[in-house]
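Given next, in structure tokens, is a single chain: the form predicted alone.
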Amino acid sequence: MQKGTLKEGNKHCVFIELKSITSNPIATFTQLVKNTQEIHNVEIVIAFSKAAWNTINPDWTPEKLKDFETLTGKKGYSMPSTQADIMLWAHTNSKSDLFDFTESIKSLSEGTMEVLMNQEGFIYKDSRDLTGFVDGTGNPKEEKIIDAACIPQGEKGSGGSYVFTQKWNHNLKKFNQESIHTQEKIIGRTKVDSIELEGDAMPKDSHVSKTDLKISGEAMKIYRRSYPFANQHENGLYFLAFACDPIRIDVQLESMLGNLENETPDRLMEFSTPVSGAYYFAPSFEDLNKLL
């Protein structure tokens, strides 16, 4: 696993998603990898689409790596695909260092790659989403992070992770018009102290109910590293997840859309809209070094 995956607490970040615009992008891909390894004042994770990984390392590809395809659900909801080739996630406590990193990537990719996403994020209060609810409360703890986030030994890409990205735009005005009690029913947790609702108090269409899933008795745990964002035109959450198997992402998305067992969609989708979506592979630190 790349060390930037596990480092928590940095207040500022940027997510950059890039798509090749040349017929032979391998030199640019390789230089991007080298660039991430040479910067020491910013935590960086680099991840590749299936096509990009096949280009830079044709010898093997993680068996379950795939492109994200647009999903449709009930009530007209959809989750669009904006699959790119490279995803870079950089985080630090220095906004100056983050700016310098972003500028270096823009310069390096000029003429060879198109920037599809250049989204800054920040930690809001005590790691809350802009809705005011704590984000990532259900994350696995300590050694269970590795079990949830890392491809197991014996599989191609072991020690790395399948990565999913999805940008969500919030309608905060609409959400904040709801009472705190209703907001808690929508999310499935109390707002102030983030305690999960229990029994009849937990609606079946709450966000927690739709994403805290088990398949054949196995919990579909993932490791979330999402960050809120806000600017003049939009605000929301850039959802970033690391998983040992993309099926853990797939079932959560289908559940949110209301596609499992004739269920209704996640009520959160009344107030937040996904505008991007992509799958990547983040190789382990050792596999990255082999590329160089």
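Start at 1 and count along the sequence shown; that's the residue number. Please read these numbers as outputs of a predicted model, since none were measured by experiment.
Below, we refer to the form predicted together with ligand HEM, which is not included among the displayed structures.
Taken together, the three residues S94, L98 and R225 lack any non-hydrogen atom within 4.5 angstroms of ligand HEM in the predicted bound form. Residue-level contacts in the predicted bound form: of M256, V42, A243, I46, one residue has a heavy atom within 4.5 Å of ligand HEM, and it is M256.
Think of it this way: in the predicted bound form, ligand HEM has a heavy atom of just one of P203, G159, G136, P80 within 4.5 Å, and the residue is G136.
Ligand HEM is not shown here, but in the predicted bound form it comes within 4.5 Å of a heavy atom of T211. Taking the partner from elsewhere, L237 is found to have a heavy atom lying within 4.5 Å of ligand HEM in the predicted bound form. Residue contact with ligand HEM in the predicted bound form: E196 places a heavy atom within 4.5 Å of it.
Contact annotation: D129 falls within 4.5 Å of ligand HEM in the predicted bound form, judged by heavy atom distances. Segments offered: 84 to 92, 70 to 78, 137 to 145, 109 to 117. Contacting ligand HEM in the predicted bound form at heavy atom distances within 4.5 Å is 137 to 145. Residues from 250 to 272 that approach ligand HEM in the predicted bound form with a non-hydrogen atom closer than or equal to 4.5 Å are Q252, L253, M256, L268, S272, in the order they occur in the chain.
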